[in-house]
Ligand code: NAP
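Next up is one chain by itself, shown in structure tokens, the form predicted alone.
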Amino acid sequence: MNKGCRFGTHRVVEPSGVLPQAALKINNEMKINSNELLIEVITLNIDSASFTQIKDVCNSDKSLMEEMISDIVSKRGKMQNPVTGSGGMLIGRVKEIGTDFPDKSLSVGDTIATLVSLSLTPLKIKKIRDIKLENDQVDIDGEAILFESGIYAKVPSDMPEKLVLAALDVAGAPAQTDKLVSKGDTVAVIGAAGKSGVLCCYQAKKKVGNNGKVIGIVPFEEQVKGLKELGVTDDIIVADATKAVDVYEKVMALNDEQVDVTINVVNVPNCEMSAILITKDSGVVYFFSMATSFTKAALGAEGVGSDVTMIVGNGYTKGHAELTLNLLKESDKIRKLFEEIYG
């Protein structure tokens, strides 16, 4: 059994010299190297931006979506949407462990959720069993490879597998929110009613304390009631995040000034300037959405003379899985919501 590069470069087919995420095609042969892990896949959680794009192009036709997803994986050896560039994550059971795989506590049969993107994960789909239009999940028969450098979490026995998958798919967002938000801050969350938005609002509310404020921004009036019932925001604004000036005016009318931190978790393009305009020059914008154009964000901020600090939505930060799963344990309302949708 050969030992491959810990970062998976031995799996890159084209172009040569790049890491698996940047590759146009990777080798998805399911014979593992000594430092790889073979996973029997149960469910793919497609990145929200990617799933939305696929669903829109296919007019929510499951058969067309199945064909499109299968075609992407067949051509690329991984689930990486060529339009959004993003992937998602998966949940599955350990099928085989290479002799040089570093984690010796792992056993065949353990259920794990990968915490690295499907955009770099070798994947082979034998059959798509179901596509859940309402929650971005795709049940499959298939296998995947995890590299030595890949991170993952064992699925807790006291939580439904798909609930864990849904939460860990966006674990970086509430964990980064925890790092960025301080006591007394005013925080805006664009896309507050989505799964990452709800988790970010909850974590922000914990951090700002009694003297801070969390403003949820949602696109539809019908989302307001459910968000209010969760109790994770102080105020809610209904606005289209692609219309930056309108969002800015509504935030200023409510708050009289720009906010300290903006968390952008929307799954559609052209929402960069809303986040920038509503944030103070001394503030921070966290772009978690894979629909973000960082060219538009950088040049757009320059164009309006904004000196905000902009942070790329790294889906990983130390302790993010533990923080997010603990959040579900802390909040009965959020856990119930997630169970209704994903559990």
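Quick note: we count residues from 1 along the sequence shown, nothing fancier. Fair warning: this is a prediction, and the values are worked out from it, not measured in the lab.
Same protein, other form: the form predicted together with the ligand, not shown, and the subject of what follows.
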- Message: Taking the ligand as it sits in the model of the complex, is Met273 near enough to touch it, meaning that at least one heavy atom pair lies within 4.5 angstroms?
- Response: no
- Would you please decide whether Ser63 lies within 4.5 angstroms of the ligand in the model of the complex, comparing each non-hydrogen atom pair? no
- Query: For Ser149, is any heavy atom within 4.5 Å of the ligand in the model of the complex, or not?
  - Reply: no
- Query: Is Gln80 a contact residue for the ligand in the model of the complex, using a 4.5 Å heavy atom cut-off?
  - Reply: no
- Heavy atom within 4.5 Å of the ligand in the model of the complex: which of Thr186, Thr121, Thr177, Ser196 fits that? Just give me the one. Ser196
- Report the residue, out of Ser182, Asn255, Thr111, Gln223, that has at least one non-hydrogen atom within 4.5 angstroms of the ligand in the model of the complex. Gln223
- Message: Given a 4.5 Å cut-off on heavy atoms, tell me which of 42 to 50, 66 to 74, 23 to 31, 297 to 305 is the interface stretch with the ligand in the model of the complex.
- Response: 42 to 50
- Contacts from 277 to 311 to the ligand in the model of the complex (any heavy atom within 4.5 Å), listed N to C, are Phe288, Ser289, Met290, Ala291
